[in-house]
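Next up: a single chain in structure tokens, the form predicted alone.
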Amino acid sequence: MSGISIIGTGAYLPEFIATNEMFTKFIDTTDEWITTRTGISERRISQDKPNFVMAAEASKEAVKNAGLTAKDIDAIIVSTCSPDFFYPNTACLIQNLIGANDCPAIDINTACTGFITALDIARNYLAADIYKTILVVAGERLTSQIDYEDRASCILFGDGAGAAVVQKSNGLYYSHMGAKGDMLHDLYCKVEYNRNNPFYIGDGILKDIIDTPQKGRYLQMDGKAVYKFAVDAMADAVEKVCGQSGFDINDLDLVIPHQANLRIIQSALKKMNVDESKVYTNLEKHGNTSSSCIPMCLAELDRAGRLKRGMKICLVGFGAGLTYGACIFEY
């Protein structure tokens, strides 16, 4: 089976650090309350750079780390659920900023599952010999969608971007993706169109979503429903992708989960029966950066010298949609 080789990684983190203590100044919370329930101590917030600029910075680092130039990139695939523009897409903006050739520039949105989805799409292009070198990017500025009066959600999210340069390899690759579109109300952020538009008010489903100003503008989440879905979906996705590959999860060298909430990760790992020493997390310092979480983890591991050729790596995540997915590949 045609696999992938990640030949370069990159990440960008905003300079501003928002600690848990800062949240105590404007909402009823404590550092202990946040840390105990989420595992998060701080997160980065972009005060000066839009999403596409952060993503371009991560892309430049990944291309340089790969020993290439932007002219060597044959396609750009970007995951984001917090774009700065409806159009042009974020991939086109990145293409321009990094100085790539007139290559295809594609955006996808499966929310927090996005990097896994984008990597899977890239792998299929590479396996079909359509492109040789693909830049896969995830950039998110979720803090622009947050209601900072909502104690349950505002503490969770941060900003950042990650990127990987990917080529075809002879190594193994397996994936499993899915979605539960009937759970759309459990996690969403609506585009703030004209609320007087009859089309949007007339449809029952959409009217339910926009019946308050907060629901029309900010991220909305049913924490209990998302928690249960996430634990089950992540464990199920890993079980299925391991079934395809013939590996037991503990045969893998590294598992990188979506960095949503430490309690979700721990519950999913318990259900998977995986050795926690194989699992990498960084949400303590970064919070939940949506689809950027996993490529940022890859970049951190790469810089620390912890990624070795031949390692069997599993990526697993879930997101709004509700979506979920996992892949196993040989690094």
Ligand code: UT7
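All of these numbers come straight from a predicted model, not from anything done at the bench. Note that residue numbering follows the sequence shown and begins at 1.
Quick note: we don't show the form predicted together with this ligand, though the next part is all about it.
Residue in contact with this ligand in the predicted complex (any heavy atom within 4.5 Å), chosen from Arg303, Arg37, Lys278, Lys49: Arg37. A heavy atom within 4.5 Å of this ligand in the predicted complex is found for one listed residue only; from Ile146, Ile106, Ala127, Met221, this is Met221. Put simply, Arg263 is close to this ligand in the predicted complex: some heavy atom of it is within 4.5 Å. Not displayed here, this ligand is approached by Cys112 to within 4.5 Å at the level of heavy atoms in the predicted complex. Under a 4.5 angstroms non-hydrogen atom cutoff, this ligand in the predicted complex lacks Tyr174 among its neighbouring residues. Shown alone here, Ser41 lies farther than 4.5 Å from this ligand in the predicted complex, counting heavy atoms only.
For a residue to qualify, one of its non-hydrogen atoms must sit within 4.5 Å of this ligand in the predicted complex; none of Lys240, Ala268 and Thr323 qualifies. Only one segment in the set 94 to 102, 242 to 250, 154 to 162, 116 to 124 has any non-hydrogen atom within 4.5 angstroms of this ligand in the predicted complex, and it is 154 to 162. If you take 125 to 147 and check each residue for a heavy atom within 4.5 Å of this ligand in the predicted complex, you get nothing at all.
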